[in-house]
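Only one chain is given next, in structure tokens, and it is the form predicted on its own.
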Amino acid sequence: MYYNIALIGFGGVNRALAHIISTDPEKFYCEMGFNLRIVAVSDVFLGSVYTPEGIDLALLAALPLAQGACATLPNGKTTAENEDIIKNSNADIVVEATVTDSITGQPAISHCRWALSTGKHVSTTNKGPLAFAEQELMALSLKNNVGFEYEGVVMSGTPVLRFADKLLKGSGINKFTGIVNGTANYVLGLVEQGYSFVDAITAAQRQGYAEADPSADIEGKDVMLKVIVLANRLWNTNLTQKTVQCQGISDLTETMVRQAVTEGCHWKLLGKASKQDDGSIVASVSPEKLSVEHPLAAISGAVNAITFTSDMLGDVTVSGPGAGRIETAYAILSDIIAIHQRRES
């Protein structure tokens, strides 16, 4: 069987997903029990293409990073057609992987809303819809009996949401503390090695960890949105940006970071949330100096980790890749598998 896929945004992550789909279709089907057919792509820079019977993946893989490049494909256009493709294409699943707007959550919220309202499943790697409109979008998915999945939002390819949902369910999670921004962690590691903050950020950009504008990573906004997503998922609460204290790493100096190492410590940008006795949630983002004995102190590079504290198990730490195109594309694939399994059951 096939699922028809519409890709909204065709940057590194959705390109990596297209590569996974095209590499070995026979092996893919044997392992997954289904195949995927990309029928539509829409990107604000590259343009759009819709081919109901499936886009030629070889042509799609060769698509250059040039404005309006989709027009070189059969049925292609120089302009993005997000709304029309989402609402009117024959896609079964919409994969939303546009850039997060940490102020409004748009246009990703609208993309998810249009898809769910027209009976299409959604997988998104975008934090915006979850941080700003999770309850509305979950209600739409239930109303229209479609999946709304977002495993890649918090820790890229590391399945921390399903781990907490399925493997720690019933354990009484009352707190989590995490390093959930690979860019900030990578930058701090380079500063420890002697880089200036400016040079470390530039290096992170070269590696593809940091955006051209790295402020969301450096100022903690990215971590704040992930804390909101995870806390709301764990405790069915309604945290917003207004209720999370947020401080990034820009107030740290190179001297402070290197001095910590001589003291047997490491500075880390931590996202935290805890459930209080009255049921309220307290959440924050801030840099903290951790001793080497702390389970998160040794997390280096673009690796992420979260320590869950529960009544029954105490502390359980999950670590894994927190950035990367292939890793995040795998998270989308895990979402699609979850959609398929729910449909089959």
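Just so we're clear, the structure is a prediction, and the values are computed from it rather than from any experiment. The first residue of the sequence shown is number 1, and the count goes up from there.
This protein has a second form, the form predicted in complex with another copy of the chain, left out of what is shown; the following refers to that one.
Asks: What I'd like checked is whether Leu190, Phe197 and Met256 together line another copy of the chain in the model of the complex, meaning each has a non-hydrogen atom within 4.5 Å of it.
Replies: Checking in the model of the complex: none of Leu190, Phe197 and Met256 is within 4.5 Å of another copy of the chain.
Asks: Just checking whether Ile281 would be counted as a contact of another copy of the chain in the model of the complex - the rule being heavy atoms within 4.5 angstroms.
Replies: Ile281: no contact with another copy of the chain in the model of the complex.
Asks: Answer for Gly320 alone: is it within 4.5 Å of another copy of the chain in the model of the complex, judged on heavy atom distances?
Replies: Yes, Gly320 is a contact residue.
Asks: So, in the model of the complex, is Val316 in contact with another copy of the chain at a 4.5 angstroms heavy atom limit?
Replies: It does: once another copy of the chain is placed as it appears in the model of the complex, Val316 has a heavy atom within 4.5 Å of it.
Asks: Is Tyr330 near another copy of the chain? Define near as a heavy atom within 4.5 Å, in the model of the complex.
Replies: Yes, Tyr330 is a contact residue.
Asks: Though another copy of the chain is not shown, can you say which of Ser123, Thr158, Thr177, Asn126 has a heavy atom within 4.5 Å of it in the model of the complex?
Replies: Only one option qualifies, and that one is Thr158.
Asks: From the list Ser89, Ser171, Thr202, Thr72, which entry has a heavy atom within 4.5 Å of another copy of the chain in the model of the complex?
Replies: Checking each option against another copy of the chain in the model of the complex, the one that comes within 4.5 Å is Ser171.
Asks: Only one of 308-316, 64-72, 281-289, 48-56 gets a heavy atom within 4.5 Å of another copy of the chain in the model of the complex; which is it?
Replies: Single hit among the candidates: 308-316.
Asks: Which residues, if any, of 280-298 lie within 4.5 Å of another copy of the chain in the model of the complex when only heavy atoms count?
Replies: The stretch 280-298, when checked against another copy of the chain in the model of the complex, contributes only Ala298 at the 4.5 Å heavy-atom cut-off.
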